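Below you'll find only one chain, the form predicted on its own, shown as structure tokens.
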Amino acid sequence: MTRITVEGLNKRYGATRALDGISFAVEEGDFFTLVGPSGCGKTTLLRTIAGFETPTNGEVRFDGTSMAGVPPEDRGVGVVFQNYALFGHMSVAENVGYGLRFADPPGGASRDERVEELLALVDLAGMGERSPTELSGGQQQRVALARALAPAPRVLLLDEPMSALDAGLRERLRVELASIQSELGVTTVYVTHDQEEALAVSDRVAVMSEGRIEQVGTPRSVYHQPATRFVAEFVGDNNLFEGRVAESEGGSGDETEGTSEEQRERGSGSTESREMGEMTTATIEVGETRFRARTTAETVGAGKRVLLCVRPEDLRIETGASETRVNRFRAHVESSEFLGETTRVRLDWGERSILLRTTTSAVPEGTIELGFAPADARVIGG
């Protein structure tokens, strides 16, 4: 297994800066995902790790060894491209075997043995004699993966390999891909613009924007503890309120009341929360309304402008008896969408758009009261 280190990576194309001071590390055996909108630099970064692009400055290291001047075929990387790049004039087995053109099969196996082993691994046993044109899109994706894995690469790089597939097939294949990666233990860097995909398959995620990394963390920490406004807006749905810190103090023990066990852990004792530093409780003024939120001590200071973030699933419809002691407000229902497991409700609160996800069977109407626990909010410094 290989550890990848990227330090101060910059890439320019004329006046365009594609990568801007990129630094991060991928630990041995990790499934590391680069996620961001089109044009943010994630594919350029992947190609630079592979050796297909030369950085303007900065460095890529494998296990501490600089890859400067090392061609792709000598880096020990396997690459799966977006279009698979299979050879139509070759059989499936020949395509997989083509991955061994620069390296002998690992473990002393013959070429044919390695091909059969990999076809079985990707659930294509017995299909070696077929043409790639006879396969479905999902099967072609598996052939491309088997070809990349054939020489037992130190690093596996995947550039949006499932973007051309339909949603159902994409979901099934990402589960299989994560399982294969875990079984082999190969260090993997995966590129996607699909946030759900990034959260589902990764050990860690790097969110990119305009050639820079906005945040690196576990899927849970990136989702529940976004570090910047861009991350809060890009990764999943979010309610964002611009406000001002009225006061901050050490939090009391009852402010996680009404949260689930998972939410309680997330707000006060999880690994992600501990990584954020010492926690405190802040009062945030949003217009005429005051909200309480758990946040890091360094984020808040009286009078500071901040962004308060509350996920739609963390809002709740308040009924009768108080379920949440603080953070209650009234909003008017504008529309609702039934999504199967949940209903997505759009509301208006003082000309602010609010999004709620609820599992209640009754579709809310009119003006309703909403609430959220302080531990379920995230405060981002202005």
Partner chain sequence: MRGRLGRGLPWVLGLGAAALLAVTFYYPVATVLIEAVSVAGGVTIEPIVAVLTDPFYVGWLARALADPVAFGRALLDAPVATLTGSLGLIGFTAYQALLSAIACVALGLPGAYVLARYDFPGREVARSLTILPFVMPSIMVAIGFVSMFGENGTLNRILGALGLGEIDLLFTLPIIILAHAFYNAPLVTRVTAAAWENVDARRIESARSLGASPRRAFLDVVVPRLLPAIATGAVLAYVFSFMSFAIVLALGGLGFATIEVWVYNRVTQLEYASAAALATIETSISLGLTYLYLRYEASQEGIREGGGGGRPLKRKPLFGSLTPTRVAVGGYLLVVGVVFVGPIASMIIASVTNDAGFTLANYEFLLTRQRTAYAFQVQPLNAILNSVFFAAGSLLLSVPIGTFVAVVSTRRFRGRKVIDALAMAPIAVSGVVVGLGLLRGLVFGVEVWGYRITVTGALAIIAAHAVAAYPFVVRNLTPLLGGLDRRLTESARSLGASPARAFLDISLPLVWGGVLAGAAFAVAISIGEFDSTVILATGTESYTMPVAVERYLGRRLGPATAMGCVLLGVTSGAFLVVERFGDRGGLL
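Computed from a predicted structure; not experimentally measured. Residue numbers count along the first chain shown, from 1.
Beyond what is shown, the protein has a form predicted together with the partner chain; the following relates to that form.
- Among residues of the shown chain, residue 73 is one whose heavy atoms approach the partner chain to within 4.5 Å in the predicted bound form.
- Although the partner is absent here, residue 233 sits far enough away that none of its heavy atoms falls within 4.5 Å of the partner chain in the predicted bound form.
- Contact annotation: residue 92 falls outside 4.5 Å of the partner chain in the predicted bound form, judged by heavy atom distances.
- Looking at residue 82, you'd find a heavy atom of it within 4.5 angstroms of the partner chain in the predicted bound form.
- No member of the trio 201, 210 and 223 reaches the partner chain in the predicted bound form with any non-hydrogen atom inside 4.5 Å.
- The contact with the partner chain in the predicted bound form, taken as any heavy atom within 4.5 Å, belongs to 104 out of 134, 123, 285, 104.
- With the partner omitted from this view, the residue of 28, 59, 53, 348 that lies near the partner chain in the predicted bound form is 53 [heavy atom within 4.5 Å].
- Note that among 141-149, 237-245, 190-198, 114-122, the stretch whose heavy atoms approach the partner chain to within 4.5 Å in the predicted bound form is 141-149.
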